[in-house]
Ligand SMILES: NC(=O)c1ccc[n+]([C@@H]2O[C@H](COP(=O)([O-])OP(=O)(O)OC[C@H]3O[C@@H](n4cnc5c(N)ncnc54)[C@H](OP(=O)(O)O)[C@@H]3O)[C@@H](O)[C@H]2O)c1
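Single chain ahead, by itself, as structure tokens, in the form predicted on its own.
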Amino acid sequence: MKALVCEAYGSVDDLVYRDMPGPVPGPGEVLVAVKAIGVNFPDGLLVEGKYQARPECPFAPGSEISGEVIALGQGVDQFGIGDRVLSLTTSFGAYAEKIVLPVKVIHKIPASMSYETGAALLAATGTAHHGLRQRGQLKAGETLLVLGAAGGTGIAAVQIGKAIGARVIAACSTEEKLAFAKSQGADEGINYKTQDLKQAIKDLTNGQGVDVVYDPVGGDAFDVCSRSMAWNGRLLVVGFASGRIPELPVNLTLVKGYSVLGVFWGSFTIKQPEDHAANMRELFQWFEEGKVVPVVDKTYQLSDGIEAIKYVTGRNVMGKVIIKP
């Protein structure tokens, strides 16, 4: 089978599109013909050796797929040949034509959902959902500020915030991205390239601050938000797309009475599988109701996967990027 392979940690440009041995399912596993692959910001960090995990080379990056079950391992009766599924991968390997997965991580795709949407619903949308539901405990009527609101997980947070019933403020770097976030449900927008973020938050919240901040950006924006939280607020640490991991003056949390909470969806799916399953059921329901629908910005072929990763890590994306083998 063909795969996009990291042979040594380094530049994304050094990934190689080549043949790899076809996987064979073991007991409790299925073999899936990959139909769509979700591209995420950490994919580039993984290849560069800057991510939390460092799999042994060579490996195919990528962590979310949708596809068709084409072979069953011993003892598998929950799925059948031809089933349409989506899944988080257990050890990367998504950038390939085929992948073996344990049945415990696979979900059947609703009949109305395309493979492209299925591949886009997991990491970015799942992270936003877990962040706002389990970590942020977002409630209807609260104010949610989403940083990087036009990206894959940012736009998911906008949609999920509205589905929960929050007032959503989108923060983006361009007017085009702000317009996109508003088209997906954001009530207000802040262009943090042309506006003072701290003053804009103060103005939009009548000086009360924000109840929940969803922050996949880090850097300077985090610094501002750490001083702009409402009493009993929740500042969600999702990622560091800005390139700088900020440091928190912890006295701010004491004086302002807010919490700082880490959001790591991958570990959540393993440590809280029942909560993850409930989240997926809610996401599927919201999809059927048209409330949470991933927006696919661009689609690439697997052979052009390098360009797909660079498009996402260059912070150009509005919504999700998909690779199709």
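A residue's number is simply how far along the shown sequence it sits, counting from 1. Computed from a prediction, not measured in an experiment: that's the story for all the values here.
Absent from the display: the form predicted in complex with the named molecule. The rest refers to it.
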- Item | the named molecule in the model of the complex: contacting segment from 98-106, 83-91, 160-168, 234-242, heavy atom within 4.5 Å | 234-242
- Identify, from the list Y115, F180, Y192, F222, the residue with a heavy atom within 4.5 Å of the named molecule in the model of the complex. Y192
- Message: Only one of S173, Q184, T205, S226 gets a heavy atom within 4.5 Å of the named molecule in the model of the complex. Which one?
- Response: S173
- Would V260 show up as a contact with the named molecule in the model of the complex if we use heavy atoms at 4.5 Å? no
- Query: Could you tell me if V217 has a non-hydrogen atom within 4.5 Å of the named molecule in the model of the complex?
  - Reply: yes
- Do R315 and the named molecule come within 4.5 Å of each other in the model of the complex, heavy atoms counted? yes
- Partner proximity in the model of the complex: T153 to the named molecule, non-hydrogen atom cutoff 4.5 Å: yes
- What are the residues of 38-65, in order along the chain, with a heavy atom within 4.5 Å of the named molecule in the model of the complex? N40, F41, P42
